[in-house]
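The chain below stands alone and is given in structure tokens; this is the form predicted on its own.
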Amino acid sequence: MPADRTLNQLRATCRSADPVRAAGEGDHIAGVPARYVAAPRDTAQAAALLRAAADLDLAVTFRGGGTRQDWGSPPRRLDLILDTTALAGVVEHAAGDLITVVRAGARLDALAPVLAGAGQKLALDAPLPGGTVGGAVATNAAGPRRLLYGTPRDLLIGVTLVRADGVVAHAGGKVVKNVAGYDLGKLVTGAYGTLGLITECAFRLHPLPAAVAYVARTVDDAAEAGRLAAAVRGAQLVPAALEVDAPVTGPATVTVLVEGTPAGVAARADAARRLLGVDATVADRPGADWGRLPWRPGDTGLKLTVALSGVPRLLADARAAADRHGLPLALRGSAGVGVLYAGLPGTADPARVAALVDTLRAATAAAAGHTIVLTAPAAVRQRVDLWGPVDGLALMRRVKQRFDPDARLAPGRFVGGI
């Protein structure tokens, strides 16, 4: 079918030419160019577009703020990018129930002040400016506050999903205790858009704390930072976050975030300071790199997970492994939940990076964890399996088959080529 006829059919589906256009130079996913871009304004329009894409046998990948488009594997084929940025705004904010329903294209950094007006927050960090609600859910991305509040999978209580055939499905509800269909929300969270398009999300909210304190101490190396983090984790502080930042060179920093009433925060901050040592500082704002990922666009970014008891050892082993392979490795992440992120320069030798990934996978596997390559230059991608060994892959393939039997949604983007 000629390209102009396909474009016209997609536009006819929307009853307007505005939401659909030919792809431009910047319209690609992980380096794979698209043919068309559509920006539906509501769930009904998104459903119509996906029905048309199914009839035309178009491969579709979803895009929000574009902050994580280089995460995961490149799609095997790509015809249509469905852009969610027009699906923005708050559908409902039931402040009395601590619930909000937001559209997938809503930016996290724009949502925060809206909720703050009611003294509430969606406890999801935004490590990448411009990231959307849908992107956070699709990748299950979480920052420092995951220690106390959890990940998107934990905060999501309802979802509206458009399947590959254009059928709209609803799961969960606007009540925290409502579990009807809740598993669908869990299923699509972290699936990288391979099971359907998320158009609306219902989240449980939390009150804004009356006071916060960031207690930080700088130490000589990552291993010492890991030991201090373990000491804090073993105490009864109930921190909102416990972060370790170990840059390529120089000292490492441990930061503890406590939230609550002014008197309670003051007491817990003092206790954290005693645990960290006399050199610890207390502030009401975090450092400049708080919650940021330790890499830049074009670099290699890794996610390392281990059991909590394995965090100090992983910090030491990761730095030692990088030194053996002659690579500069930056580490930053949540020592309180066993999730660390690691960054390597995009100019690093691809063969050495691949060897380091193998070493890190052995280290994390020994501590009941995994090493995932979230993003990397093409030369590194050619040498490594981004996802590594994953339990339950056969089941995941069956789920994909049920939701997207023709494999047209983000084909190949997820684990095992799903």
Partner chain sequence: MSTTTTDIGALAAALRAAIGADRVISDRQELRTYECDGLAQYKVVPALVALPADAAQCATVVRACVAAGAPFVARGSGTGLSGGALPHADGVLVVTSQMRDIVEVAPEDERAVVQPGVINLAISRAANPHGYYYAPDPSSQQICSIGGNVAENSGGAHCLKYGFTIHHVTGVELVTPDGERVRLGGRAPDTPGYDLLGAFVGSEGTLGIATEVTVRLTRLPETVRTLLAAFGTTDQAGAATSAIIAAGVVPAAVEMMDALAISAAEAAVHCGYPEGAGAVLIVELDGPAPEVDAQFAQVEALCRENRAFEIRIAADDAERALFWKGRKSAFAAVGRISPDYIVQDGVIPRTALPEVLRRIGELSAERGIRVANVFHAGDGNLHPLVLFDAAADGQAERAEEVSGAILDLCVAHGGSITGEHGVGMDKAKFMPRMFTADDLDTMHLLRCAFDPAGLANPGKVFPTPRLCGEIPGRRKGVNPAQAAGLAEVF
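Numbering follows the first chain given and starts at 1. Everything numeric in this text was worked out from a predicted model, so none of it was measured.
The discussion below concerns the form predicted in complex with the partner chain, not included here.
Notebook entry, point to check: Taking the shortest heavy atom distance, is residue 245 within 4.5 Å of the partner chain in the predicted bound form?
Noted result: Heavy-atom contact with the partner chain at 4.5 Å: absent for residue 245.
Notebook entry, point to check: Can any non-hydrogen atom of residue 261 be found within 4.5 angstroms of the partner chain in the predicted bound form?
Noted result: Taking the distances in the predicted bound form, the answer for residue 261 is yes, it comes within 4.5 Å of the partner chain.
Next item on the list: Mark residue 96 yes when one of its heavy atoms lies within 4.5 Å of a heavy atom of the partner chain in the predicted bound form, and no otherwise.
Entry: Yes, contact at 4.5 Å.
Next item on the list: Consider residue 21 of the chain shown here, and say whether it contacts the partner chain in the predicted bound form, taking contact as heavy atoms within 4.5 Å.
Entry: Flag for residue 21 set to no.
Notebook entry, point to check: Just one stretch in 216 to 224, 325 to 333, 105 to 113, 305 to 313 has heavy atoms within 4.5 Å of the partner chain in the predicted bound form, so which one is it?
Noted result: Stretch 305 to 313 is the one.
Margin query: Suppose contact means a heavy atom within 4.5 Å; in the predicted bound form, does that hold for all of 387, 392 and 400 with the partner chain?
Written below: Per the other structure, all of 387, 392 and 400 touch the partner chain.
Checklist line | Partner-contacting position among 273, 292, 163, 121 - heavy atom within 4.5 Å of the partner chain in the predicted bound form | finding: It is 163 that has a heavy atom within 4.5 Å of the partner.
Check: Of these, 167, 283, 90, 320, which has a heavy atom no more than 4.5 Å from the partner chain in the predicted bound form?
Finding: That would be 167.
Item checked: Residues within stretch 231 to 246 having a non-hydrogen atom within 4.5 Å of the partner chain in the predicted bound form -> 233, 234, 235, 236, 237, 238, in sequence order.
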